[in-house]
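This document starts with one chain, in the form predicted alone, laid out as structure tokens.
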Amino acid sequence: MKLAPYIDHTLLKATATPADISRLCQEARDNAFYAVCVNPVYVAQARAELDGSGVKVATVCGFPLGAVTSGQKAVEARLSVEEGADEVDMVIHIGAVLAEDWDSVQADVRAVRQAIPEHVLKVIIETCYLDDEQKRGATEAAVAGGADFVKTSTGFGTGGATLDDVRLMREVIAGRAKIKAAGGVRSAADARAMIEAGADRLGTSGGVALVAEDGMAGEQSGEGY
């Protein structure tokens, strides 16, 4: 099993420059990552630079706090798709999750789903702020709202993906959607453990190092990945 097809090669820092995005896209081409994930301002650039490569362009919506209205998220998602995004990773209304207002959480997701009905929607529930029951409720609301993926984390919170969270989400999802683990995937061993736990996609800024480490491990063990 190769890691590269699982990886969303990510650069969402405020300090990212056009040159940084070009480098990200070239790395994605060179390593055959599944996608790059960039802020909306760089979607058009990434789309142009990845043309013909087979690498998808993902972006974010309501990021990183989730604290804008559902209507604003819907417009942001639609505009990003018009710029060339294949996938949108939205942040839910975390305050509504903490209040356990599941109708509002589901409606938030559904608004974005309706704005981009033909594109992949990943819903970030930011597990680091939630207890297990809230994680379950948020995962269920995301799926009910139309998520294609439920994603653990923004990478900007107090913690990232854990194996326990991925397993919990897999149990709740029960095959109705996929899982993206993001934040805290720092080694090839971490990546493989997340996949074994149920992750279908990995969000990481360290994809190049992960693939290189994994390749070295495969050569040393004599295994073909």
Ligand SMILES: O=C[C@H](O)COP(=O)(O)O
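Residue numbers here begin at 1 and follow the sequence given. Computed from a prediction, not measured in an experiment: that's the story for all the values here.
Form predicted in complex with the named molecule: not shown, discussed below.
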Quick one: G155, K180 and G203 and the named molecule in the predicted bound form, is every residue within 4.5 Å by at least one heavy atom? yes
Is A16 a contact residue for the named molecule in the predicted bound form, using a 4.5 Å heavy atom cut-off? no
Counting only non-hydrogen atoms and a 4.5 angstroms cut-off, does G184 reach the named molecule in the predicted bound form? yes
At 4.5 Å between heavy atoms, is L12 in contact with the named molecule in the predicted bound form? yes
Of the candidate stretches 193-201, 155-163, 44-52, 168-176, the one with residues having heavy atoms within 4.5 Å of the named molecule in the predicted bound form is 155-163
